[in-house]
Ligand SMILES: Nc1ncnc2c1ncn2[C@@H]1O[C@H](COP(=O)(O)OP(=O)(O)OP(=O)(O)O)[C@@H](O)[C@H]1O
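Coming up is one lone chain in structure tokens, specifically the form predicted on its own.
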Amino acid sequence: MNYKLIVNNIHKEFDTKSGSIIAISDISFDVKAGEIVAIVGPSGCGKSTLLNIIAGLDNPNSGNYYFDTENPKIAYMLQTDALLPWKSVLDNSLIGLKIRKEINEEKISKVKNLLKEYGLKDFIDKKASVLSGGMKQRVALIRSLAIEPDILLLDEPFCALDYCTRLSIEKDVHKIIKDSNTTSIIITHDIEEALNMSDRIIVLTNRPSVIKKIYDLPFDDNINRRSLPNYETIYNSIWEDLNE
């Protein structure tokens, strides 16, 4: 099996004035190449902490994790789009490549094609400030994928969007990631978002957070998942897991 990431027994606690608080405990899972894994759990259970550790922004107290390559290229898409409003959509999309000094005509052309394919053709040269929330998230994703990361981390990327916008962008974001065959981890507290975006769902408990259950989703990428008879069954099962 071709694994992109293996996480072994990650444990993280924080020292506070009132004592030590365990955020996550004995977390182990793997992510296959090209797979989208969603991690769901109650607010404050340590989802973002786990993602920060995988991104190398924080260290676990114990446990470890391995990528399939040394010095993996990691893209981290945050809750806010973090676009520069005074720069054009194209310039925003190319920022990662410029920072890494990897920009060339071929990559610029590839980014332009992605912008055109996903509804931003008429906005390529316009300032990011004129975009809607959903459009900004598409640009943020294309910016993340432009560097061709080994793994893409998404931290509740749609939480700032209204419900209707989230529904419309989920399909696009899923297709963009799948078309690029980018291995991805998305954390969310929204069960529907996890069901619609991922190949597998890891359910975490309340803090101190451990893995409650892992769901392998039996869904075809080309079908409206909400229309499938087992969609509601899996939704209800995850809901029960989160409320135990």
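Only a predicted model underlies this, so the values are computations on that prediction, with no experimental measurement involved. Residue positions are given as counts along the sequence shown, with the first one as 1.
Not on display, but discussed next: the form predicted in complex with the named molecule.
Using a 4.5 angstroms limit between non-hydrogen atoms, Ile10 is distant from the named molecule in the predicted complex. Residue contact check for Ser18: none of its heavy atoms lie within 4.5 Å of the named molecule in the predicted complex.
In the predicted complex, the named molecule sits within 4.5 Å of a heavy atom belonging to Thr49.
For the chain shown alone, Gly34 is not a contact residue for the named molecule in the predicted complex, no non-hydrogen atom being within 4.5 angstroms. At a distance of at most 4.5 angstroms from the named molecule in the predicted complex, none of the three residues Phe67, Pro149 and Asp179 contributes a non-hydrogen atom. Only one listed stretch (59-67, 37-45, 171-179, 192-200) carries heavy atoms within 4.5 Å of the named molecule in the predicted complex, and that stretch is 37-45.
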